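First, one chain by itself: the form predicted on its own, in structure tokens.
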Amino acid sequence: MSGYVQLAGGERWHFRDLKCLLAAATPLRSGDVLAGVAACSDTERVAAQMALADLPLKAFLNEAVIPYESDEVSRLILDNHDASAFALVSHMTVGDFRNWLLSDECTEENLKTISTGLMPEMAAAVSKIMRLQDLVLVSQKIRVKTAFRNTMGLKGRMSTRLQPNSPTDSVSAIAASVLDGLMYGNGDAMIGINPATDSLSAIGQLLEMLDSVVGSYSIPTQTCVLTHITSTIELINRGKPVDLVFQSIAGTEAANSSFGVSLSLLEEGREAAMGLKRGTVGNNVMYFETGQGSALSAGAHHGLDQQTCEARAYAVARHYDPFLVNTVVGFIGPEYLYNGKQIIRAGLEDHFCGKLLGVPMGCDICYTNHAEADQDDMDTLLTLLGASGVNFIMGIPGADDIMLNYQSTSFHDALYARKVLGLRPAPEFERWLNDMGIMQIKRGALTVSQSLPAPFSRAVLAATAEAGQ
């Protein structure tokens, strides 16, 4: 009999191929149930996890979960596999690999060495047999450093993306949110806007406004307007001030096609932004967003479980040497991650798999209003990700995005995590905060100013006077 067989609970369980085994071994989530690939019982799930633990890592090199001939993501994964980097762990089973990752023998340097030798399916597989504490423990060993106008991913640092969205793309409302966020020490990962319109003219105005703010106050950060990559390329051609190129990506060719992108288009966007040479301490120019369930929602999952599809998206991201990657973990909705328990696990899995593959991972710790989740769940995931060494989280006014209509983390949530866990902003941004009198760290204690810096006060007075005329 072909496939994989495991005895458990007095029964003989058969999994016909690697794809089915990975799906059945996945901790319960609503998206896999919706797709019809989830284990039918807890006993079947345990049986699959037992079989998966005994599977040699080399098996993933011999059985593609999506055929090489029909999927460019599969071709990217297999063509770029680094056999020399894989050598250190090539003799291990998935279970052996888990044990090694948790051991003191596994160091930060080891993890950096093997990252290009790991296929995303290997990362997904080992995550499926790990507890939450395992995911946290291994993740905090891994550093993935990137740079543009400041440096991300350093040990003891946690950055934030300041997200000042407006339902009408109001420049004044966005500027007010930016000011509010900066006063809480937010914005070192980037100041990034989700535009309400696809108008190139309006997006160009937002880019120019953000560039003016960063330039006027010499803020060591980067900006991004999250429009489609084809629009960003056109804006670069028009001479607009683009720092980071955004695109949503997924783990299959068909899912990426549903986003209107291909691997060649991603490379075109990367080359266009790199040609601008706007970075000052580095030139990582890509910003990707992902999320479990995106391939299924596009009908493009090929029978794979959603977490394995998500890990494959990180292989896509890795190829383009991104500045940041953001798993927008609870945004797609309860059809894919039903409640707080599933969202928390998915966020830690995504962060672990991405970092294990050498990707600079952040997380939008979030949920939609119709999910069985609340802000207590987000506090839990925030604290666990902070302990895991997450590169960045989101900073949104009041934790409530009034344009995208979902709940995330607020400016003061980042302040909480930094204070409790002893985390600090990116070093270049931290020096700017100190010089501006916004935030200081003395003897390990973080304090925030209660008054506006003089340059900000002058700008607010000027804006108030202009509005009154």
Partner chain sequence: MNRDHRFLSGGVTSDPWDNLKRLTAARVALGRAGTSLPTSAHLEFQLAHAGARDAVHSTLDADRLADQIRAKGLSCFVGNSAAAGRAEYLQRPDLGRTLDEATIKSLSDWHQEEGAPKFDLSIVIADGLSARAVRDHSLPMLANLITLAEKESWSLSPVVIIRQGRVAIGDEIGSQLAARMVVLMIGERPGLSSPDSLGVYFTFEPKSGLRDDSRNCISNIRPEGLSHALASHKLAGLLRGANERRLSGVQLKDDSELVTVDSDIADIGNFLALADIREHYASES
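Small disclaimer: the values here were computed from a predicted structure and weren't measured. Numbering follows the first chain given and starts at 1.
There is another form of the same protein, the form predicted in complex with the partner chain; it is not shown, and what comes next is about it.
Taking non-hydrogen atoms only, P455 approaches the partner chain to within 4.5 angstroms in the predicted bound form. The partner chain in the predicted bound form is not approached by Y287, whose heavy atoms all lie more than 4.5 angstroms from it.
Among heavy atoms of A373, some come within 4.5 Å of the partner chain in the predicted bound form. In the predicted bound form, P397 approaches the partner chain with a heavy atom inside 4.5 Å.
The partner is absent here, but in the predicted bound form a heavy atom of A176, alone among A176, A196, A85, A387, sits within 4.5 Å of the partner chain. With the partner omitted here, the residue from V46, L55, L404, L421 that has a non-hydrogen atom within 4.5 angstroms of the partner chain in the predicted bound form is L404.
Only one listed stretch (137 to 145, 112 to 120, 300 to 308, 328 to 336) carries heavy atoms within 4.5 Å of the partner chain in the predicted bound form, and that stretch is 328 to 336. Residues T151, I233 and L265 are none of them found to lie within 4.5 Å of the partner chain in the predicted bound form, as judged by heavy atom distances. Within 4.5 angstroms of the partner chain in the predicted bound form, the stretch 256 to 271 places no non-hydrogen atom at all.
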